[in-house]
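The form predicted alone is given below as one chain in structure tokens.
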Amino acid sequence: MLKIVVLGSGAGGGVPQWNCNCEVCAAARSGTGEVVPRTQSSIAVSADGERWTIFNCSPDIRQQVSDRAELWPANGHYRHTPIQSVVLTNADVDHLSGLLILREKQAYEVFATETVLDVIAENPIFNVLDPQFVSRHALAENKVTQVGEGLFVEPFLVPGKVALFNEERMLAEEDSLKIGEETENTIGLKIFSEDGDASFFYIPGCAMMTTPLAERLTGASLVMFDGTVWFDSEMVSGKLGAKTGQRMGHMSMSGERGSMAAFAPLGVERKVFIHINNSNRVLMESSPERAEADAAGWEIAYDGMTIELR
């Protein structure tokens, strides 16, 4: 058995974003229900309903924990958490910086690739995570690793890019910014129970669908997948930024090369978009984009969404 709770379903900045008054953010602030507000991308998973692993630790983690009674300290304990571990799929700020909130000399484990662990080690602000309490463990490509009580992951590389704050370093070292390469900068995860009966895939960042990735996902019971933008240039055309989805390392949902088209022949039983940007009109309940996603068999993740796999 696996219990999955979506702690945050938005991309960086959440919905509404603090400095944005686009159509989606304005609707989220209106309180009409057309757009449900969302915090930044993170999920919690448990194999026993008592001990939990956080997958990606967003800047909103304090609010997310406060909103979920499953993650509260147990009665009778002055200092306690049911959170056993944190697993990171990349070093993006919206997936990494929440570790600074979980700094109160509380024992838990952090799992990430060597590349992402190096980012943490190089930044002295993460020294607030006392190594006597917070241990760090490297994830290796395709190597099954236990990350919690009865909970295992199999990491695999997916097309992506280096974290935004490290782009200048890459440019200085390599004279080009490589987007879409399969490196330890961006991973997907197969998450499964000890008996292997319950499993799903979590891929909140992906620049393109490759043949090996499609083969891996074929016939899966559940895939939670990168839903950042509806179309590649939506932030540019909406005057919300200068970068396309591809430049940020994300597939579009729509179009011939988009994720909905890529998943259509894969026979995935349940498909859920997560990590959805505030520019994406699929977040609007009555939009044509939402209707198209619904018709293609996709669900749009929301904070508090709960899924049980058996």
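The shown structure was predicted, so the numbers you read here are calculated from the model rather than taken from an experiment. Residue numbers run from 1 along the displayed sequence.
There is another form of the same protein, the form predicted together with another copy of the chain; it is not shown, and what comes next is about it.
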Open item on the list: Even though the partner isn't displayed, in the model of the complex is Lys271 close enough to another copy of the chain, meaning a heavy atom within 4.5 Å?
Closed with: no
Task: 4.5 Å heavy atom contact, Asn278 and another copy of the chain in the model of the complex - done: yes
Open item on the list: Check Gly238 for me: does it contact another copy of the chain in the model of the complex (non-hydrogen atoms, 4.5 angstroms)?
Closed with: yes
TODO: Classify Met260 as contacting or not contacting another copy of the chain in the model of the complex by the rule of any non-hydrogen atom within 4.5 angstroms, answering yes or no.
DONE: no
Open item on the list: I need the one stretch from 219-227, 154-162, 100-108, 189-197 whose residues put non-hydrogen atoms within 4.5 angstroms of another copy of the chain in the model of the complex.
Closed with: 100-108
TODO: State yes only if every one of Thr39, Gly76 and Asn127 has a non-hydrogen atom within 4.5 Å of another copy of the chain in the model of the complex; otherwise state no.
DONE: yes
Task: Single option in Leu96, Ala207, Val116, Leu139 placed near another copy of the chain in the model of the complex, where near means a heavy atom within 4.5 Å - done: Leu96
TODO: Could you run down 9-44 and flag each residue that has a heavy atom within 4.5 Å of another copy of the chain in the model of the complex?
DONE: Gly12, Gly13, Gly14, Val15, Pro16, Gln17, Trp18, Asn19, Cys20, Asn21, Cys22, Arg29, Arg38, Thr39, Gln40
